[in-house]
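Next come structure tokens for two forms of one protein chain, structure 1 first, structure 2 second.
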Structure 1
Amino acid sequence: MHGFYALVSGPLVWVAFAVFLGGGAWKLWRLLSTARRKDVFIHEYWSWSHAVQSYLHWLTPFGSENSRRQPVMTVVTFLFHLGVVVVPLFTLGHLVLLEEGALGLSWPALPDAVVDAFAFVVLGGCAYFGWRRLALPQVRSVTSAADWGILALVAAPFATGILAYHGIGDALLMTSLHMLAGEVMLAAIPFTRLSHMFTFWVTRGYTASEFGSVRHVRDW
């Protein structure tokens, strides 16, 4: 057990971060350099001012036409994504490990209760997305096993984190599983649909450029 803990809290952390950052950078670089050769439109028509306006509109709840038509989805997605980013970055436990680990730097953490609540929000979001996949025909018809897979991939670290924090189950086991789940998720980002974390900026920005600077209309 201690060996397992040592593995997931030591080398695997580094591996996961390396795969996440390296894989993400590699993916973006490959996309953009291939675009220069085979899809010149992306670079040719790119317009930063339209891209940035579009990012802001789409990241702000109710900032786009469609988000106003889908109020529940808008609120859930917004809180869910906020949670996915905030929980790992502002949990005291993570920051302590980060500072004690090789990084040696840290930033203020959020109160545990807040982070805990956010973790529940993320799980709630996963449940809502799962419900949509089952209940809405237009979503069910395009759902595949991989879609359930990434939902599980995201839910796992939050679920185990909650169990560990609330002292449910064996503490060492839960913490180890939590770390493992987190590492798996992180490493999977560049190679699954979770890579939309990186590609969002490209697709959104490119569409914004075509709409804004070629066609002179809003894309939100």
Structure 2
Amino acid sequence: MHGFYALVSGPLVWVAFAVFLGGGAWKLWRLLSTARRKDVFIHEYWSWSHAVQSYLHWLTPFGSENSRRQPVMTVVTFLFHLGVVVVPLFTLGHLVLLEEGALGLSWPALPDAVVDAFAFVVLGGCAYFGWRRLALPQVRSVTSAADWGILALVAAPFATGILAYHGIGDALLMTSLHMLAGEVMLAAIPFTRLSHMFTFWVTRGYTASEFGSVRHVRDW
């Protein structure tokens, strides 16, 4: 078990970050090159003014017409994404590892209780999204096995983190599984639908620029 822990807390961390960063750069390059090939005028009507306004409206709860039509989905989605960002970046244990292993980088951590609550929020969000895929015909009809895989991929590091933090199960095993699940999720981001953390900025900016500069309407 100690060998497994050494593996997931050492070499695999660097492999996961390398795949995440390299894969993310590849994803963006591929998206931009494809867009440029299919629409040679994209750079001419790209508007940072429209793009930034669109970012703000789509990232603000109820800032878009679509989000106002689905209030429950909007609240769950906003809290879910907030938790996905807050827990990895502001957990004290993560920051200690980052400071010790990654060029001394660190920043203030949030209280454990806050981070723990956000981890439960993420799991609750996964449960809600799973329920929608089962209960709503219009969502169920477009759900594939890959969608369930994505939910499991996201839920795993948060579930194992909760188990490790609350001392449920063998501490070393749960911590090791938590780290492995986090590394798998990190490495999978550029190659799954989770890549929208990279592509959102391009696709939203592209849509906003086309709507704003060409059609003269808002995209939110």
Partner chain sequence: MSEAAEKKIDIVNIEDTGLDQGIARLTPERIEKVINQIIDTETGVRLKLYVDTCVHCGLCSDACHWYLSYDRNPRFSPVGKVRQTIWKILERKGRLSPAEVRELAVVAYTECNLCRRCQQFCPFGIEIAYMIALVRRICHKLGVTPLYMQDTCHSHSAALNQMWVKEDEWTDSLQWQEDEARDEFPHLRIPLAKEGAEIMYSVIGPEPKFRTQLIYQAASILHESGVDWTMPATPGWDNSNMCMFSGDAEMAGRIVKEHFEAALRLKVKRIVMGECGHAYRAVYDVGNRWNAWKMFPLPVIHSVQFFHELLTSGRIKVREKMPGKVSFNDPCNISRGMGLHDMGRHVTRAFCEELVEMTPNREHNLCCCAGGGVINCGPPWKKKRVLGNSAKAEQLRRVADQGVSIIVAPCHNCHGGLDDIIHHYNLPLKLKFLGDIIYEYMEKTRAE
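Residue positions are counted from 1 along structure 1's sequence. We call the rigid core whatever largest set of C-alpha positions still superposes within 1.5 Å between the two forms. Please read these numbers as outputs of a predicted model, since none were measured by experiment.
Structure 2, rather than structure 1, originates from the form predicted on its own. Shown in the overlay between the two structures, fitted on the rigid core, is a CA shift at His166 smaller than 2 Å. If you fit the rigid core between the two structures, you'll see the Cα of Ile42 move by 2 angstroms or more.
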